[in-house]
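As structure tokens, one chain now follows by itself in the form predicted on its own.
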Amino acid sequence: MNEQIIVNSIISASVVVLAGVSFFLPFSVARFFHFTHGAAFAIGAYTAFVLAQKVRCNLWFAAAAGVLVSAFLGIILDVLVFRRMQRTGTSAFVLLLASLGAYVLLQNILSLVFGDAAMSIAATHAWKTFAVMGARITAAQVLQITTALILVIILRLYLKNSATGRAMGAVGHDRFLAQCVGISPARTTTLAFGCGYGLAGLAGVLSALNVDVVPTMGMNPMMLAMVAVIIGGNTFLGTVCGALLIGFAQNFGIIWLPTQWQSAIVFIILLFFLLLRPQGFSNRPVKKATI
């Protein structure tokens, strides 16, 4: 039993890690909570579903298309909606509400086009199970865990060592100073949205190999991603640690609590960090700012 819980925790954590780092990229640059991230998660899954099940394309091609469509959604939203609102001095709260409205619109479009019935894109070989230390795991779950691990390593190196990654960090820290040294905040933010939403689409595709595809499938991963970023102190490695904590806490918590407490456990952790360690896993002290 304990071995299966550990494996389930790793599987859950891999989803939250993918959702968390994909949410972190645009949030760390734009500095507002973008609910449309949940729509990118679902749109990636639905794109893969249509190509794999309706058009009968190769599953790998369908997954890649899901990533690209979600990335394109992030770019379009930033260029046509968020950037224009920020130019007029719109507050982060209003941007949050705008993103929530866009999420509701996109979710209802998915419901209108595909209906609310659950659908599946998983191939038969994705359900092949393996025994690991007495626990059971499917091929799709192994792919999910492996992808999350590889992407975390690649993104860490990209953000730390590449010029574009350092530019994202500079814009997130101070947009004005970044512009003074020749960095374009607008282009950098758009790139962050494209990369982040593309990763959200990938997370949606990988999740769709394990669970059914429904229009609301992106809401819960998005909320968990937000919590991971908050308790991670808005740092990349902190977000990864927060996602791991959430995945393990949810699965180990059901040993003593009913399964309906899984979501409550996450927000109990969030409340604990907000009250006792507001900087999260980050070592940076919290600064008070006056607007």
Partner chain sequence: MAEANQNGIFRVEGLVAGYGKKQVLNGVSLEVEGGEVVALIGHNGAGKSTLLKAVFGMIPIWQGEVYWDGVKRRKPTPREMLHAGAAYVPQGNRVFTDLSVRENLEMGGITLPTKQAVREGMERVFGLFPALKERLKQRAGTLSGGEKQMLALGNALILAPRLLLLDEPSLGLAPPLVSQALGRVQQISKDSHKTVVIVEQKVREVLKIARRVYVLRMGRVSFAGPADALKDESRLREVYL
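Numbering follows the first chain given and starts at 1. Treat the numbers as computed from the prediction; the structure is a model and nothing was measured.
The form predicted in complex with its partner chain exists for this protein as well; it is not shown, and the discussion that follows is about that form.
- For residue 182, a non-hydrogen atom is located within 4.5 Å of its partner chain in the predicted bound form, even though that partner is not displayed.
- Although the partner is absent here, residue 83 sits far enough away that none of its heavy atoms falls within 4.5 Å of its partner chain in the predicted bound form.
- Taking the partner from the other structure, its partner chain in the predicted bound form has a heavy atom within 4.5 Å of a heavy atom of residue 166.
- Although the partner is absent from this view, residue 177 contacts its partner chain in the predicted bound form, with a non-hydrogen atom inside 4.5 angstroms.
- Within 4.5 Å of its partner chain in the predicted bound form, a heavy atom is found for every one of 160, 170 and 173.
- The candidate stretches are 182-190, 75-83, 132-140, 106-114, and the one lying within 4.5 Å of its partner chain in the predicted bound form by heavy atoms is 182-190.
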